[in-house]
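Below, in structure tokens: the form predicted alone, a single chain.
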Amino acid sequence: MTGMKKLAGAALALCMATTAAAAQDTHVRIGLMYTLSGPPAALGEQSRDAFLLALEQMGGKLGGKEVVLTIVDDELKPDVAVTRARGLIERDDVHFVIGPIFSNVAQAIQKPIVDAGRIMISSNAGPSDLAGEQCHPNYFNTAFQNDQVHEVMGAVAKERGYQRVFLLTPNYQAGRDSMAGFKRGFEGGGEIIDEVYVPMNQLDFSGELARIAALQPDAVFTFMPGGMGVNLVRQYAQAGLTDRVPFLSAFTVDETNLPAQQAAAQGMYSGATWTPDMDTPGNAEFVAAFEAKYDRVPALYAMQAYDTAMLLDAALANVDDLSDVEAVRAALKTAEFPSLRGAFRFNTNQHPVQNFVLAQVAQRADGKYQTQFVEEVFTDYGDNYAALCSMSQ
């Protein structure tokens, strides 16, 4: 079965289930859909591995129910993702689809999933349309709405008095949301002197860096996930811009990219909801367990997937019949679980209300790099699209 791996019960790493249809009604059937191939695979692997860690710690059960887990690779191709989402529904009869990483994939798969009466929980992608006018009772988000982490950096740029700022993102939904978010946070501050969109998976930024050098802005804001971020940060340092133009970002200098960026990213800032060093209940234990099992530092993607498993565990303990979708939705909305990020609750559009922080790249005593907590920027903050959601009215 190309692009699919199925795991069942407590022996998650060993036991291969033949078909989800063979599972009893007391089982909870879950499809994980993440990007697991190509340069962006590091992001999806973080999410997948954290969810597997949570299941292992809970003995292969969520809410006391045995889990049948099917893992699929969306390949960062919306058409492939739709085909595999339909397979999860029609072949594997899943109750939940969890994922994806990228917003263009989330936009493609949400409608076929929710229209089929299944529940989708995005553990990362947070496109603005799915938080607003295209919200749905069967769609939940345990990460954020895309704009929010970028609003953090706009607010920081404004507070620090940067008067001339250059914006650079990929040309897809999350990139456009990031621009909107930064501008919202920066409103009433200085001037956006240029905003540049580049193609997805662009790896050579020499033209953009030459323009930055010529314009000499007070700061650069960017959102470049995966390999795009690795190359941009390396080339930024090689161009001699690091000490001249402050580098503000989100999902550009994080634990998926830092092993490749290393010293080139030292001291760079990022917006986030969580950092590995945050003093929240269970966080130190999660980070230690993830590093022990996978020999790498967990990123935000990992925390969000782990939290999603914790949410499901709390919610499903209060649901007897998983075919009762209304009961499942109600349990998800009211479930209380110890989020690794701290305070967490769902807004009326079923996106999180949570705190947002400023993070900075630092080297640990063991030589590894990670983001570290600097300050809290927004407290108990919901997104700006909830008012457009029909569930809010």
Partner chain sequence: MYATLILVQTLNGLQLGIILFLIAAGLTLVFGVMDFINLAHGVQYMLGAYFAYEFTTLTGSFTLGLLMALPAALLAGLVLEAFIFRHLYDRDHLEQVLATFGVILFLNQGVKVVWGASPLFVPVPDWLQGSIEILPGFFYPIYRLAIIAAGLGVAALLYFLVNHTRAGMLVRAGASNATMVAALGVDIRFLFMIVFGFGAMLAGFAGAMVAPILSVEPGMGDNLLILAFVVIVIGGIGSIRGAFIAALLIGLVDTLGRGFSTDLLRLVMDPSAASQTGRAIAPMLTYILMALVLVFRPSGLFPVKK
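Residue numbers count along the first chain shown, from 1. Just so we're clear, the structure is a prediction, and the values are computed from it rather than from any experiment. Superpose the two forms; the largest set of C-alphas matching within 1.5 Å is the rigid core.
From this point on, the text means the form predicted in complex with its partner chain, which you will not see here.
At the 4.5 Å threshold, heavy atoms of S323 stay clear of its partner chain in the model of the complex, well away from it. By the criterion of a heavy atom within 4.5 Å, D204 is counted among the residues contacting its partner chain in the model of the complex. Shown alone here, N231 lies within 4.5 Å of its partner chain in the model of the complex, counting heavy atoms only. In the model of the complex, its partner chain sits within 4.5 Å of a heavy atom belonging to D194. Between the options G63, G342, G38, G59, the residue in contact with its partner chain in the model of the complex by a heavy atom within 4.5 angstroms is G38.
Only one of the listed residues (G117, P281, G161, G240) places a non-hydrogen atom within 4.5 angstroms of its partner chain in the model of the complex, and that residue is G240. Proximity to its partner chain in the model of the complex, taken as heavy atoms within 4.5 Å, picks out 207-215 from the listed stretches 286-294, 69-77, 207-215, 315-323. Interface residues of 162-193, taken as those with a heavy atom within 4.5 Å of its partner chain in the model of the complex (partner not displayed), are limited to N171. The Cα position of E133 differs by less than 2 Å between the shown form and the other one after fitting on the rigid core.
After superposition on the rigid core, the Cα of N318 moves by less than 2 Å between the shown form and the other one.
Shown in the overlay between the shown form and the other one, fitted on the rigid core, is a CA shift at L209 of 2 Å or greater.
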